[in-house]
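Okay, here we've got a single chain as structure tokens, the form predicted on its own, with questions on binding and movement later.
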Amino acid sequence: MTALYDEFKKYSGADLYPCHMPGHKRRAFGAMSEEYASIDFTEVDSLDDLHDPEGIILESEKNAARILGADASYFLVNGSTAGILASVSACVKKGGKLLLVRGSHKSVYNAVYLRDIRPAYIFTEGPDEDGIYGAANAAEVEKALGENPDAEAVLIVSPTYEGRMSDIAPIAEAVHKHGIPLIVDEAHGAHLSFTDECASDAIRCGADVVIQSIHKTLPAPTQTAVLSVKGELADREEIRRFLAIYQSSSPSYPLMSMIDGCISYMAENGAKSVQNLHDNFEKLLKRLEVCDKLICGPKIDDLRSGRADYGKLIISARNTCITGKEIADILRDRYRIETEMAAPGFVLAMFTVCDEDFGYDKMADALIDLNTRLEKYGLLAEDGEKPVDPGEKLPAPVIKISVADALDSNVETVDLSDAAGRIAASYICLYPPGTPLVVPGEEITSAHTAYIDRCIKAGFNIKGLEGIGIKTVKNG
């Protein structure tokens, strides 16, 4: 097995009676298995402490850093969310400015709120006809840095949720010219650490802080992630301090052992596993080339050139009169395939290093069959009008007050039809993926309210609403 797991099992087998937490006393109860319970500990002397590691946990984190090519790596048992909160808090002083891509995860915006940070945005290319935005590029980052010379850090997302990839090296070079750190939310790219082909992982390309959700694309359970640091621009002591704030004071020892086990497994088997992912995903895309109505991507050339990530299958609704959500519903109900995310213009299905041939074949057979049925059932573009234009570009945000002031203000809920011109007091997101349409403190426009109304009528989940109303700053 691995160092942590072996040490935990050794301790569990010793003749020490546990007059301490957790309450199950390492015995199986209900749905909790004996195997899980046997390695579920509290911070006893010989098992080290995640928040102040000096022994076996510290050695495991050092081993992870060596494998991942970092100077230091930290285990995250509260997911990438804790890593993003800690990295932003450590790299940007309270009240400082963070330059971030607009399509950042909600945890970034939570860090902005908690530290009363002033956000400035990098606007990436898009949306395309499916409603997908591109990943950040060096030109966009350089432009934003020129307009915000007081930014204390830059945060980008690569790969994006939809699998678009940034060229990290020139972005890192541009950021470092300003003497500030580059933080990369690589939550969807943990597998990139184990291949040398095409797009490399952010740490190897010059990023200073990288957060990876190993549970998203690697064989690890939900909530497991790693934060890695390279170089001296990010203060590691500050990162460690904030991790102790944002992570549980009772961290899960089973999750720590599984992080250690996953990274060790990938160190030994990762190159082969990732190559299998590449080969199988390309075979899937080649099979789907027969689909003339359901357009599936990305293009193989984009994968091989590093512009797109392996494993993120985009099923476009552009040639149909139905939404991505309706396609996802068909895949679930008729073909028994549950997809990752449905948007107005597309469906996202994820494949990882753990998928077997059966999964690829099931998806290909389903989409090829559905492609032939669209015309039969009158679901093509000429057969009806789409309820939502996925390529609609919403107005650039107009910031009226800070995120913190908006969230902490006196609020009132107004009907969606009356919200235009008001200041938002909540995040309004199409979920998934959870990227905000409007951020607290920004002006709500009639374009926003009209788009939200169309999404609601099309059956999409809009977070941040109160029934059919929107929380706004009172008298704002």
Ligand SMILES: Cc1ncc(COP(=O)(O)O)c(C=O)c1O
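Numbering starts at 1 and follows the sequence shown. The structure displayed is predicted, hence computed values, not measured ones.
A second form of this protein, the form predicted in complex with the ligand, is not displayed here; the remarks below concern that form.
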Checklist entry - Does any heavy atom of Ser213 come within 4.5 Å of a heavy atom of the ligand in the model of the complex? => result yes
Checklist entry - Going by a heavy atom distance of 4.5 Å, is His191 a contact of the ligand in the model of the complex? => result no
Checklist entry - Taking heavy atoms and a 4.5 Å cut-off, does Ile183 contact the ligand in the model of the complex? => result no
Checklist entry - Might His105 be said to contact the ligand in the model of the complex, defining contact as any heavy atom within 4.5 Å? => result yes
Item to check | Interface stretch in the model of the complex with the ligand - options 77 to 85, 129 to 137, 357 to 365, 200 to 208, non-hydrogen atom within 4.5 Å | outcome: 77 to 85
Checklist outcome for this item: The one residue among Ala111, Val157, Ile168, Ile259 placing a heavy atom within 4.5 Å of the ligand in the model of the complex is Val157
Item to check | Contact residue in the model of the complex, from Ala187, Ala220, Ala90, Ala317 (heavy atom within 4.5 Å of the ligand) | outcome: Ala187
Next on the checklist: Given a 4.5 Å distance limit between heavy atoms, list every residue of 401 to 418 close to the ligand in the model of the complex, or none if there are none.
Outcome noted: none
